[in-house]
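One chain comes next, on its own, written out as structure tokens in the form predicted alone.
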């Protein structure tokens, strides 16, 4: 990522969010510390918004300090006209080794499914890529409940970047608005070092 400033404005943020697709599907993955996957998936064309949280455990009210048996996860809302669950599965599996699993439950690799269609796509993906569900270490689970992580974990790369956060403040966005903002997802990916091709950024060298 180049050393640059940006002509990001509150109008650009609002305009981008207002044009985002309203019909989306959702995928949820555990892939280690959730900050990295949040940025990586946010940068993907066809991903509309992201959020991070906790899932896969039994505690009814997990938090970062009292996580219990839950795992850090990223939740991805995507445009089904541009991406499929299989496309996202490919990215999830490329980001980790399915034959190794960390012992710390907080950072384990988990593929969640939330519908019959997602379960079908997962079965086909595993078969097509030679992954025996009984032999891989990646956990495969149905999603029961997704718990939002604390606000300071959402869009983590935006924190400390005033040229990004100020336009959201000027647009009147609160913490929940930023968390659910398509513009924030893309900018978080950009600041996380990922290639993002969006009209929000008009960059020039310092």
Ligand code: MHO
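Positions refer to the first chain, counted from 1. All values derive from a computational prediction rather than experimental measurement.
The following text describes the form predicted together with this ligand, which does not appear among the structures shown.
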Does at least one non-hydrogen atom of residue 34 fall within 4.5 angstroms of this ligand in the predicted complex?
yes
Residue 64: touches this ligand in the predicted complex, heavy atom cutoff 4.5 angstroms:
yes
Decide whether residue 153 counts as a contact residue for this ligand in the predicted complex under a heavy atom distance cut-off of 4.5 Å.
yes
Could you tell me if residue 106 has a non-hydrogen atom within 4.5 Å of this ligand in the predicted complex?
yes
Just to confirm the contact call: exactly one of 34-42, 165-173, 55-63, 139-147 touches this ligand in the predicted complex at a 4.5 Å heavy atom cutoff, so which is it?
34-42
If you apply a 4.5 angstroms heavy atom cut-off, which residues in 66-96 are near this ligand in the predicted complex?
72
